[in-house]
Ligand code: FRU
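Below sits a lone chain in structure tokens, taken as the form predicted on its own.
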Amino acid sequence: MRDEPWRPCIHYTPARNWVNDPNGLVRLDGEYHLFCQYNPFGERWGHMSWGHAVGSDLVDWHELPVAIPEDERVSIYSGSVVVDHRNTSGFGAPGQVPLVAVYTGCLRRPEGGQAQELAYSVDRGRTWTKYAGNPVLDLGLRDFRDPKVFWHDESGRWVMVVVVPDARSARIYGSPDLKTWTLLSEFASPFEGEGIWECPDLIPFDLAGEGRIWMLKVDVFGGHPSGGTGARIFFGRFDGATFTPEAEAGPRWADQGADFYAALSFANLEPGDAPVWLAWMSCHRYAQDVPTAPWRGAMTLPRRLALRRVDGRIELLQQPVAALERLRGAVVEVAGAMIGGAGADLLPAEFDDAALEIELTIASTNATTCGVAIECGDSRVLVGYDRERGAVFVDRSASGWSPAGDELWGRRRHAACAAPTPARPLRLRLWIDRSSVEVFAGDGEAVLTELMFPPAGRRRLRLISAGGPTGFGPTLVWPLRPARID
């Protein structure tokens, strides 16, 4: 593991330079591929190309050379990768199943212009050839980007969902060969007052008793509860041409934290496997200014996804993939206790572990807020339950570094969650790394992802209960060994 201040221990970062959106997440022959937006030449956004890392378990990653570099004509923007098992593209050969990348080429000229293009690999993604017939889908627009492509068995064709950002619409296209595309339908935003759309995904789920449900995800530049960017989700049916959402009131967000963007699901998982996705762990408001070097940007933990219906409403459930649990060291078990306003140390001493997993239960509370404080020197991040709002929260207003002039950085984030009761304790899972915290409440129906940049030094954990007592159930704390990221 590379070792610089704030370098994550259990999250993917490149050795050097800028990284943002995950691209082309795919599994082939037991190997996961993580492509991403990458600047090979510096720590700020620019010269967009596809970085590349591979791993066998979604935990350890090995960084490879740039997969698809910009050229004199286009920069390589976001997209997806498919395994063309049927060789519909003609890019394969006997015994060679091609990987095909479908990405946005952005013209390198002042007036810009974006269209969808192809590149392919027949050596397990190690080398890539750009298709001589690029672009394959060009509407003559300045902004038209981020194709997510998958094979739809029932209609026997490839399907692409891609956005027209300023129109806040997702267009759905079909193709027999990845080269020729026909418009099938369009889904436009039903909401006002939000920003442009980016980075769509269309993910199938099998919901018990209901059959196939699809989730359409788009990332939005405004309207998120954090005041920044976020991932909006819709649930409905997809017939191979048209996505029809369920009637529902109010916005839905995949993550209520400020630092979850451009999530993408892995393609070509084993039949019956639950969908898995990960996201860029940052926000466009301050991503270029965070105080890290020689890299800038990281990915969230990979998350296993599921759906359930509660009181007629579909909920998205997210949990870190089980493979991460092999990073656990010896567990520290803390007995349940009634905690008052003074709080109490969760661990008996300060600790040096760079990453921790905490499983905390709140059985009942009369406090205004209760939970756990992550402290280092004068910095403090609070994670817990806000009784008045009936919501889980993260408060990083005193977390250390903050972007100059950004009043939204320290705003307390909330995610709705059922109130703790003796019959149903509220379970919080915290994954704490050197510069982030990811919070999963309940069964993963409420999630918050936040960056933090505390000063150097040993940390301490405290249980807190402000404005009244809280009954905490047993708490489990695991130190996490660093993942192998090289």
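Counting begins at 1, following the sequence as shown. As the structure is a computational prediction, the values presented were derived from the model and not from experiment.
Not pictured, yet referred to below: the form predicted in complex with beta-D-fructofuranose (FRU).
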**Prompt:** Quick check: do Trp277, Ala279 and Ala446 each get a heavy atom within 4.5 Å of beta-D-fructofuranose (FRU) in the predicted complex?
**Reply:** no
The one residue among Glu357, Asp386, Asp395, Glu198 placing a heavy atom within 4.5 Å of beta-D-fructofuranose (FRU) in the predicted complex is Glu198
As a check of understanding, the residue in Arg171, Arg145, Arg380, Lys130 with any heavy atom within 4.5 Å of beta-D-fructofuranose (FRU) in the predicted complex should be identified as Arg145
Q: Flag Trp45 as yes or no: does it have a non-hydrogen atom within 4.5 angstroms of any non-hydrogen atom of beta-D-fructofuranose (FRU) in the predicted complex?
A: yes
*Give a yes or no for His284: in the predicted complex, does one of its heavy atoms lie within 4.5 Å of a heavy atom belonging to beta-D-fructofuranose (FRU)?*
yes
(Q) When the contact criterion is heavy atoms within 4.5 Å, does Asn20 count as touching beta-D-fructofuranose (FRU) in the predicted complex? (A) yes
Do Trp295 and beta-D-fructofuranose (FRU) share at least one heavy atom pair within 4.5 Å in the predicted complex?
no
TL;DR on 20-28, 473-481, 5-13, 460-468: the one with heavy atoms within 4.5 Å of beta-D-fructofuranose (FRU) in the predicted complex is 20-28
Near beta-D-fructofuranose (FRU) in the predicted complex, with a heavy atom at 4.5 Å or closer, the residues from 66-84 are Tyr77, Ser78
